[in-house]
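Single chain ahead, by itself, as structure tokens, in the form predicted alone.
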Amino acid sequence: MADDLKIPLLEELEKGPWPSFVSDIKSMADKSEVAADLLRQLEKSYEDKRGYWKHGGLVGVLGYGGGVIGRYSALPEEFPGVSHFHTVRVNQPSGWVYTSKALNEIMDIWDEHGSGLTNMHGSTGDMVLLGTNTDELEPTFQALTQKGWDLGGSGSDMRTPSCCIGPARCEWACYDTMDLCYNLTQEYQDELHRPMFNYKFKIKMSGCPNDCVASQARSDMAIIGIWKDEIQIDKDAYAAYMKDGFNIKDLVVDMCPTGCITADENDIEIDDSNCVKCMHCIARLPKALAPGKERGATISLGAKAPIVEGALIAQNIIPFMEMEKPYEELHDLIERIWEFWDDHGKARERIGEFIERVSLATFLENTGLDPLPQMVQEPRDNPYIFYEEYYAEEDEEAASDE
């Protein structure tokens, strides 16, 4: 089947040094009509400069409102292999840690019920099974659940939580990301599988400020491991770096964003009161420096890609929270945020856009959060704006005069 593929425009994407999705799909075309017609339809889209996918209504599995993305070809007679091309999102394990046995089981299920094409992984984190027809959705779901798998989120719900591998392999992790990811997945099953929000809500967890899952830029709630005591310093390991000729000035001291490091070939000192936890010095001197011992997480809200409105970076709302079981403080925070956003948000309005619309001050007041100095974008320049406390004092003085 692949021999009679005429896709000259797509084959341009196979040229050059980088791997190509075209080559991957072509490798499946001999045994999959879906893969062959997928390439043919995409070639036609390139020729005609328009897309030929259409949304034909909601599809899913019994009892779930999310986890399946419906897709149909606008040219089903010409490309019957992709007349239906639904996507199934599978909830990935914490940290994307699979066994070969588990992966083989999923691939066998997908070869039987779908196209055999997968995406490892989607931007939310799920394993994405690409391309099946409506009649195969329920059998696919039943086969997955029998092997212990579940669907991820899609639509206006809490999307599948994802995390870095954390303490399983990283000595810098400041909390157990994998345990928290599992906890949130289990705690919020309704919010994950039955869309009920204004729009999607992504939670991503990184064990340290290196933020290996890019939560600060890609999630509605970023939970990033951090410490609040002093960076640990091993002076003997530092001496070994200097003995090996490490350029401490150019590679560490001059690169510190707040200039809080003083170091020479004999000693290193860090002014922790001015440290912003960027991790650069620790990454450069991993044997000599390490995060402090008093560990937890900082929480930011509102990051998103530029869909609907422009891209947003997350806004820090909690400088430090302990991350220990049973995570009740975090659960309480999440639910307060959801309640206010759900009551007053607009359709297809992410939490970051919502905060921008109602103002950060209003958001903090209605979710019971305290304002932080880090939230001030610039100093106030209008002398005719007064704080609520000012008016309260005036009221008290007026009452006492009466």
Partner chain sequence: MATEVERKTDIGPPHFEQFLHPLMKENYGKWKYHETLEPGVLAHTGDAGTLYSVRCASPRLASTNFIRTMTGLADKYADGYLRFTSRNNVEFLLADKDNIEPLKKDLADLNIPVGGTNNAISNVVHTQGWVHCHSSATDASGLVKAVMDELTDYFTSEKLPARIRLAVACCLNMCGAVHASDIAILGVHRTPPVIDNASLPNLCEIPTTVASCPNNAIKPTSIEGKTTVTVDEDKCMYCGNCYTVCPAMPLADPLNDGVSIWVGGKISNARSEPMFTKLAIPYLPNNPPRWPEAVDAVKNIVEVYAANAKPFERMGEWIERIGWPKFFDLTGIEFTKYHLDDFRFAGTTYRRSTHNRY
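Definition used throughout: the rigid core is the maximal C-alpha set that superposes within 1.5 Å between two forms. Bear in mind that the values here come from a model prediction, so they are computed numbers and not experimental data. Positions refer to the first chain, counted from 1.
What comes next is about the form predicted together with the partner chain, which is not displayed.
- By the criterion of a heavy atom within 4.5 Å, Tyr98 is counted among the residues contacting the partner chain in the model of the complex.
- The closest heavy atom approach of Asn274 to the partner chain in the model of the complex falls outside 4.5 Å.
- The partner chain in the model of the complex comes within 4.5 Å of no heavy atom belonging to Cys260.
- In the model of the complex, the partner chain sits within 4.5 Å of a heavy atom of Lys31.
- Look at 265-273, 328-336, 315-323, 208-216: in the model of the complex, residues with non-hydrogen atoms within 4.5 angstroms of the partner chain sit in 208-216.
- Checked against the partner chain in the model of the complex, the candidates Ala240, Ile233, Met196, Met255 yield a single residue with a heavy atom inside 4.5 Å, and that residue is Met255.
- Contacts between 141-179 and the partner chain, taken as any heavy atom within 4.5 Å in the model of the complex, involve Phe141, Gln142, Thr145, Gln146, Gly148, Trp149, Asp150, Ile165, Pro167, Ala168, Arg169, Cys170, Glu171, Trp172, Asp176, Met178, Asp179.
- A displacement of 2 angstroms or greater separates the C-alpha positions of Glu43 between the shown form and the other one, with the rigid core held in common.
- Once you line up the core between the shown form and the other one, the Cα of Glu322 stays within less than 2 Å of where it was.
- After superposition on the rigid core, the Cα of Met120 moves by less than 2 Å between the shown form and the other one.
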